[in-house]
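Take a look at this single chain, the form predicted alone, given in structure tokens.
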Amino acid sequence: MENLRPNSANPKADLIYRRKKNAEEMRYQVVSFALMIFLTLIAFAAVHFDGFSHWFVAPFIMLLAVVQVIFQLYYFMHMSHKGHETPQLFLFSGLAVALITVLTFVTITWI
């Protein structure tokens, strides 16, 4: 029975393990890319279709943009991997500061 753990004493088993993990990662990236292209086409179709009001289209496109950002961070920026806790902390802290700032200015302007 082969040892499939990485960094093992058996270089052949290590190569098999890395190929398997790389193939799995590539499959996730291709599926994610296809979903992002599909979401982009949906956004273009929503703008092109005259039956939707701009009050629906603008928030809908923003929602699709948020979904695409999540896909890009999770799959293309490898945030799903172990060892990326510090960049995640800084990223989400910056996002929290940005959201609080926008909420503050919207509250000041509209009230």
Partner chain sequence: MSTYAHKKSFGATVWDYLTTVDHKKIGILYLIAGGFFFLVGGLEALFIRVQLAVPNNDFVSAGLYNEILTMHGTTMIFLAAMPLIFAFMNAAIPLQIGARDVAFPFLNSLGFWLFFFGGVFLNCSWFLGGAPDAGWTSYASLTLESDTHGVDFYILGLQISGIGTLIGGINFLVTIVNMRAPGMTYMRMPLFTWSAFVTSALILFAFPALTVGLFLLMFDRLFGGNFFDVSAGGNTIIWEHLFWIFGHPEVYILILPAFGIFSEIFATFSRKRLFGYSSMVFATVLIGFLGFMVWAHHMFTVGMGPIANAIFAVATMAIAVPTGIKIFNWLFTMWGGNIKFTTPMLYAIAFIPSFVAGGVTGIMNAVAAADYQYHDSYFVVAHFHYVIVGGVVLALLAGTHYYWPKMFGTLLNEALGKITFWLFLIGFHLTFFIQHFLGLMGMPRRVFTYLPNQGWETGNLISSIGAFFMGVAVIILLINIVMTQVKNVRVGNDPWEDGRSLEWAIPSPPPFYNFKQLPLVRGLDPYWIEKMEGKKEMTPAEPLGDIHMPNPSFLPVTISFGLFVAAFGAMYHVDDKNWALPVLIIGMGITLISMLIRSVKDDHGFHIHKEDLENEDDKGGRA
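Only a predicted model underlies this, so the values are computations on that prediction, with no experimental measurement involved. Positions refer to the first chain, counted from 1.
The form predicted together with its partner chain is left out here; the points below concern that form.
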is_contact(T101, its partner chain) in the model of the complex, heavy atom dist at most 4.5 Å:
yes
Using a 4.5 Å heavy atom cut-off, state whether T86 contacts its partner chain in the model of the complex.
yes
Any non-hydrogen atom of I16 within 4.5 angstroms of its partner chain in the model of the complex
no
Given that its partner chain is not shown alongside this chain, does S93 nevertheless sit within 4.5 Å of it in the model of the complex, heavy atom to heavy atom?
yes
